[in-house]
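The chain that follows stands alone, in the form predicted on its own, written as structure tokens.
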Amino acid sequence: MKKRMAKVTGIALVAAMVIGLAACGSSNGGTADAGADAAASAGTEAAASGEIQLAEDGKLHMATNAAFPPYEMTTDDGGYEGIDVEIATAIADKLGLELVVDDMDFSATIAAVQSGKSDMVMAGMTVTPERQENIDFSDTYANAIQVVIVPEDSDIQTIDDLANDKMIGCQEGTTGYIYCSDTPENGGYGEDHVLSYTNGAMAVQALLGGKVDAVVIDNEPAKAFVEANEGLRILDTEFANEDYAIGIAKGNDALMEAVNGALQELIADGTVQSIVDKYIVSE
């Protein structure tokens, strides 16, 4: 299957990014941290002056699908929480803006940014060439591993077993769906062997109901779904290894520069790491 690589956890990637930034700072008299501070400061000034193109003055609208734990999910009181939500809030704070979460189907998030309804996408969004044709991406802030969920008594033991006329469930618009529905010649299983669902939870319910034989989804949501539903397990072999980034409309260069500056500072000062640690326990 395309994009299969050695396993790297999100925590390890973020830690490596922080170490890399720290190393640059120590060898250049702190220029890395200073550069991040300057970029974030410039972003704050640009937001305040109206130079940054925003959907709504004084607010940073984040398009997401809040059914993707632990990156974005709803709270009992109707609010939102998760890794992406907290990082986005910290970015908005750096820019002197108020974060607004625009919850929608995952497949609608890119269009929301393109149309100007939302300012950015943070939805466990993987960088792909196809998506880069429609939006620009920030620096990477997390690494994700896609895995396969199956019933505990399933005869599917490895990823290779998915090719044996199995029906696979995926969240619509995700890279899992894109990979699985691709032709066998390109490493996929064909559209006839894949069913798409509005969110991961619906795909898992289809698996429990016997409508599909397996679900391909990111590792962290997969662990949450398996913990919440008896009789499921995750295959030992990973399906794909990907990077997450923030999507912003093409041409909105001022916002991209501001978001990247704030993100770099939040990585350098350990804020991103602390947010990840809050939701993901290191194995």
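Since we're looking at a predicted model, the values are computed, not measured. Numbering starts at 1 and runs along the sequence shown.
Keep in mind that the form predicted in complex with a small molecule is missing from the display, and what follows is about it.
The small molecule is not drawn, but in the predicted complex it has a heavy atom within 4.5 Å of Thr174. In the predicted complex, the small molecule lies within 4.5 Å of some heavy atom of Glu242. Contact check for Ser138: every heavy atom lies farther than 4.5 Å from the small molecule in the predicted complex. Though the partner is left out of this view, Gln146 does reach within 4.5 Å of the small molecule in the predicted complex, counting heavy atoms only. Of the listed positions (Ile87, Ala123, Val212, Ala142), a single one reaches within 4.5 angstroms of the small molecule by any non-hydrogen atom in the predicted complex, namely Ala123. Only one of 203 to 211, 186 to 194, 92 to 100, 166 to 174 lies within 4.5 Å of the small molecule in the predicted complex by heavy atoms, and it is 166 to 174. The three residues Phe106, Arg131 and Asp218 all sit with a heavy atom within 4.5 Å of the small molecule in the predicted complex.
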